[in-house]
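Just the one chain here, the form predicted on its own, laid out as structure tokens.
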């Protein structure tokens, strides 16, 4: 069973992939989820890094993620810590940063450390979909 078929089990249809959206703003999570679901993705949400890790690891097996979209500034476990954790645990899963605080130095550092894209809120739906598609395409090219 392919990862997209596994992800599709959440919705009962063939899925483009399973995306984890981590943001402390519920409205942002909702908009991102709705945008991606319209494009055929299954979406799991978490309000911070700790909840994201719990969501991934709940049950007997970790869920098979295709992509992670995360904010940077969040309570409990900030985005930098979360990204470092994801990179260690799931090195093949691409990460997109979605932040309300544009910072050229931060974006450069993130991109140098393997983040697929650095987007600033509010992000246009088309730009978000394009970024997700590009990150997943790059993952396939690398053979993951």
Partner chain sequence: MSNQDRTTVVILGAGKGGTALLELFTRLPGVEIAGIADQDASAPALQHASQLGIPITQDLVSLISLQGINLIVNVTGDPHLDLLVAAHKHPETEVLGGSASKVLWDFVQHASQIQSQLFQTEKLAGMGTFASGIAHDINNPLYILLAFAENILEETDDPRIHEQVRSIIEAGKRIQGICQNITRYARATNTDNAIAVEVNEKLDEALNIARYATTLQDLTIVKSFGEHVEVLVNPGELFQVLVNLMTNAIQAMEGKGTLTLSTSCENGVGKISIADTGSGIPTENLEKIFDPFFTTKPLGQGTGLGLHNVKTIIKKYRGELRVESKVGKGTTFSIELPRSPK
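Keep in mind that what you see is a predicted model, and the values were worked out from it rather than measured. Positions refer to the first chain, counted from 1. Here the rigid core means the biggest group of C-alpha atoms that line up within 1.5 Å when the two forms are laid on top of each other.
A second form of this protein, the form predicted together with the partner chain, is not displayed here; the remarks below concern that form.
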property	result
Residue 77: touches the partner chain in the predicted bound form, heavy atom cutoff 4.5 angstroms	no
In the predicted bound form, residue 54 touching the partner chain (heavy atom, 4.5 Å)	no
Contact flag, residue 106 vs the partner chain in the predicted bound form, heavy atom cut 4.5 Å	no
Distance check, residue 134 to the partner chain in the predicted bound form, heavy atom within 4.5 Å	no
Heavy atom distance at most 4.5 Å to the partner chain in the predicted bound form, all of 28, 38 and 129	yes
Core-aligned CA displacement of residue 39 at least 2 Å between the shown form and the other one	no
Large Cα shift (2 Å or above) at residue 78 between the shown form and the other one, core-fitted	yes
